[in-house]
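Heads up, the chain below is alone and in the form predicted on its own; it's given as structure tokens.
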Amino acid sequence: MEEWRFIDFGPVDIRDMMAMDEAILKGDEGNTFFFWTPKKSIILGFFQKAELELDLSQCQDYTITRRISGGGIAFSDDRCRQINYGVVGTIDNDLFPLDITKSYKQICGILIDTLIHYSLNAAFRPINDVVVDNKKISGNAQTRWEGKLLQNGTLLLDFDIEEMLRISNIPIEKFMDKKIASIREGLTWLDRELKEERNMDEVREVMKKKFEERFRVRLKPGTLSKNEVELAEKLKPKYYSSEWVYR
């Protein structure tokens, strides 16, 4: 059985993590699956404008950066109850299809398999969401480079809607009640669906198992290579810079 590298970065500054993401994508260490735990933070999609998406006056205690993949904001609150994953692999017809929607569906299948394990009605919603009873529980983003892809995503175990709205660039006083009700109808999380709090390590282990089953591989614990560490260090200043974040 083929072995793929697995890394659990644990709690990490998102700026450092985004540099490591890019280093793994542009490195030469092969297919990799990894977890990381964000601190209180906001990650902008590549094409987003911070001042349009956020009320920056309310974000002073958040670490903000931008990623190299598209999509919307990845918001992490004080609860720290979300599982962030990443996959880097070579694009081919079987594991990581050239067709973008098909590749999203394949990788998001890990999350769907995990949710089905918990007896939830999970499904893929193109182009890059996972839903439970048509309520979004996972957002995902992808980028490609020289025949490889990087996909990141989040599985929500809990979520603070009110805090997300507080930092968003919308008139909270006028739309708070209506907006919360609307988001609650379209967004969900694991604790809410199961009506109990599940251990995050347990859910991560289920995800790892489902990854191995779906891709027919064995995950072998590893670390960044020397070249990846050196590249990440070179990339870090970009992710810390205002020019990158607020461009």
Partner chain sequence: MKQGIHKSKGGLIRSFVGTENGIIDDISISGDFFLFPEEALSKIIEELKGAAAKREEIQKNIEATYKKENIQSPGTTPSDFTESIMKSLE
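Residue numbers count along the first chain shown, from 1. The structure displayed is predicted, hence computed values, not measured ones.
This protein has a second form, the form predicted together with the partner chain, left out of what is shown; the following refers to that one.
Per the 4.5 Å heavy atom criterion, the partner chain in the model of the complex is contacted by stretch 139 to 147, the sole one of 139 to 147, 155 to 163, 115 to 123, 78 to 86. The partner chain in the model of the complex is approached by residue 69, whose closest heavy atom lies within 4.5 angstroms of it. The shortest heavy atom separation between residue 58 and the partner chain in the model of the complex exceeds 4.5 Å. Though the partner is left out of this view, residue 220 does not reach within 4.5 Å of the partner chain in the model of the complex, counting heavy atoms only. Using a 4.5 angstroms limit between non-hydrogen atoms, residue 41 is distant from the partner chain in the model of the complex. Proximity of 32, 35 and 226 to the partner chain in the model of the complex is absent: no residue of the three has a non-hydrogen atom within 4.5 angstroms. This chain appears without its partner; in the model of the complex, the one residue of 134, 90, 93, 101 with a heavy atom within 4.5 Å of the partner chain is 101.
Counting a residue when any of its non-hydrogen atoms is within 4.5 Å of the partner chain in the model of the complex, the hits in 35 to 50 run 46, 47, 48, 49.
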